[in-house]
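The C-alpha cells that follow cover one protein chain in two forms, given apart as structure 1 and structure 2.
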Structure 1
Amino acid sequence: MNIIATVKQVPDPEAPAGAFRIGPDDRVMVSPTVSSVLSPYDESAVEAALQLRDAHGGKVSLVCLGTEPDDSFLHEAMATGADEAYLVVDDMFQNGDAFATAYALSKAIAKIGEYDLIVCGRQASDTDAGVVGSVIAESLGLPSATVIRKIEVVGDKLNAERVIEDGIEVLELPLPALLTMTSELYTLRYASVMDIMSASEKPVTIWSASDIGADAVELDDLANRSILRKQFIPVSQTQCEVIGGDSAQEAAANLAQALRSRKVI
C-alpha cells in the first residue's frame, strides 16, 4: 500500500527553555543555538507508515512544507526507511497558520495522487495546535480519525485504535483515509550507517506554490484564519515565608494560624 506521512521540522523540544527567546517583532521565536528535529508525533506517524509498508508492501512518501529549499532534513528522515519525499517551499506560505499549512500539504498530496493512507502526527511540538491533519482530511474529502495509537489493515479497510476515558475504542474506516497518530506504541526506528548513506540517493522533489496548483486568492479564502499577534515567555514568581516557633507545638500553631488567615484551611 502507498502511504503518505506529513512531517514538520521543529526546534528540539528537549532543548532548555533558556535557549529560546522572542524576536523583536514579538511574533517569532528565535532559537539560534537549538537544533531542528523531526516533530516527535510525526516520528510516530512515520514509524506506523513504515510498519504498514513492511507488512503489506508499497511505499512511504514524506511530504513537508518548508521555509527554504534545503532537503537535508528530509534525507535524514528518509534514512529510517521512507522511499521518497516532497518539499513545498514558497513565499506564499511564509508565516501562515495551521490552515495555510493544511492547504499547502493537501495541494501537494493531491498532486502526488496515488495513496491508500495518509498519516500525520496528532500535533506539532512547537505549536501544539492539532489542526492540520483534520483540515487536510476535510480538504481531500477523506474519512479520518484522530489521536490513534495503533493501526491494522484488514482487506480494503483499516482498524484504528485509540484510548478513551473508560477504555479502548476501535474504529473501522474505508481506504483511503487519514489518521493522526500518538506516540504510545510507535517509536521511530534508528537508522543504520548504511541507511544514512543510501538515503542521500533517494529522491526529494521540491515544489513551489505554482507546481502544486496553489492560488493566492484561494489561500486567503480557505486559510490564514488565525492571527498571531504576540508571543511571550511567561514570568513566574515564587514567594516563601518561613514560619517557626520556640517549640514544635508553637510552630504548628503558627502554621495553622497562617493557613487559616489565608483561607487555606
Structure 2
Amino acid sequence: MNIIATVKQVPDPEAPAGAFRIGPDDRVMVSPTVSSVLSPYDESAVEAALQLRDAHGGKVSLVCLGTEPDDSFLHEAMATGADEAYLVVDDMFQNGDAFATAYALSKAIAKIGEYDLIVCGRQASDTDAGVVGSVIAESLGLPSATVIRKIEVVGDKLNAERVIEDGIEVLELPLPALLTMTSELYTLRYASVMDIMSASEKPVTIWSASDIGADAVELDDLANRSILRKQFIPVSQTQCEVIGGDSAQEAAANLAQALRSRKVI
C-alpha cells in the first residue's frame, strides 16, 4: 500500500501571542526565537500512514511545497519512518494561497503517480484553513473525507472514522482516496538517534514548477480567486481582576462572592 502524506513546516503553534507581528509589507512576521515544527495535524497524518504501511506493506512518501530548497526539514520528518520525500520549490508558488498550494501539491502527487491513499492534516496550524487537502482531492478527482480520527483497510476499500458533532461516522471509501486527519488516536512515534541518523540517507527529490508540469495560467486563475486585503494583530481588552485572600480557601470564597455581586451566579 503506497501512501502519500502532505507535510508542512510551521512556526511552533505554542509560541506566545507577543511573537507575532505584521511587517511593513503586510506579511506575518514571527519572532526568530520561535522554532519551526511539523504542523501538528500532519504528525497525525504521518503516523496514520506509517501504521498502515507497517500493517500492509508498501511505502510512505512525504510531499511538501516549500519556500526554500532546504530539504533538512524533510530529512528530520522522515526519521519516524517515512521512506522518501519530495520537495516542490519554485518562485511561481511564492505567496500562493490554499488553492495555489493545492494545485502545486496535486501536480506533484500526480507525478509521483502510484498511490493508494493520500493523507493530509485536518488544518495547518498557521493558516487554520483546512482547505488544501479537500482541494487536492478535487483536482485529482478522488473521493475524500475530512477530520478523520482512524483508518482501517478492508480489502480494496478503507473504513474511516469521521468526527462529527456529537459523535462519529464510519465511512467506507474506495481506493485511491484522500483523508484529512485529526489527532486523537494518532500520536506520532518517537525517532531514535539511530533513526535520525539514517534518515539523512533517505532520498529527497526536489522539483521545480516545470518538473511537475505546473501551468502559469491555471495557477494564476486559482491563486487570484481570493484577495488578502490586510492582516492585523487582534488586541485583547480584558482586564483580569485577581482575587486574593489570606489562604487559598479564602480566595476561593471571595471568588464566589465576586461572581455573586456581579450577578453571574
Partner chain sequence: MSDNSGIMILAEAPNGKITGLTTELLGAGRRIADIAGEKVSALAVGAGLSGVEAELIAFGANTVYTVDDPSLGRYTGDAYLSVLEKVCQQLTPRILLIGHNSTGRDLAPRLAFRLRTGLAPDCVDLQIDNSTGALVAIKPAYGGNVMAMLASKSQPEVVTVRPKTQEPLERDAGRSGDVVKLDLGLGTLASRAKVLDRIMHTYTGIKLEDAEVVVSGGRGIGGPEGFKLLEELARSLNGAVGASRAAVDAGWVPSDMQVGITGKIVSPRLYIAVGISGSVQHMAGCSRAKTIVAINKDSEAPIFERAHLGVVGDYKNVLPQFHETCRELLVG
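Sequence positions of structure 1, starting at 1, serve as the residue numbers. All figures in this text were calculated on a predicted structure; none of them were measured in a lab. What we label the rigid core is the largest C-alpha set whose atoms superpose within 1.5 Å from one form to the other.
Here the chain taken from the form predicted together with the partner chain appears as structure 2, while structure 1 comes from elsewhere.
Comparing the chain between structure 1 and structure 2, the rigid parts pivot at a hinge, and of the candidates Gly155, Val217, Gln237, Glu165 the one placed there is Gln237. Relative to the larger rigid part, the smaller one has turned by 44° between structure 1 and structure 2, according to C-alpha superposition. On core superposition, Glu250 has its C-alpha offset by 20.5 angstrom between structure 1 and structure 2.
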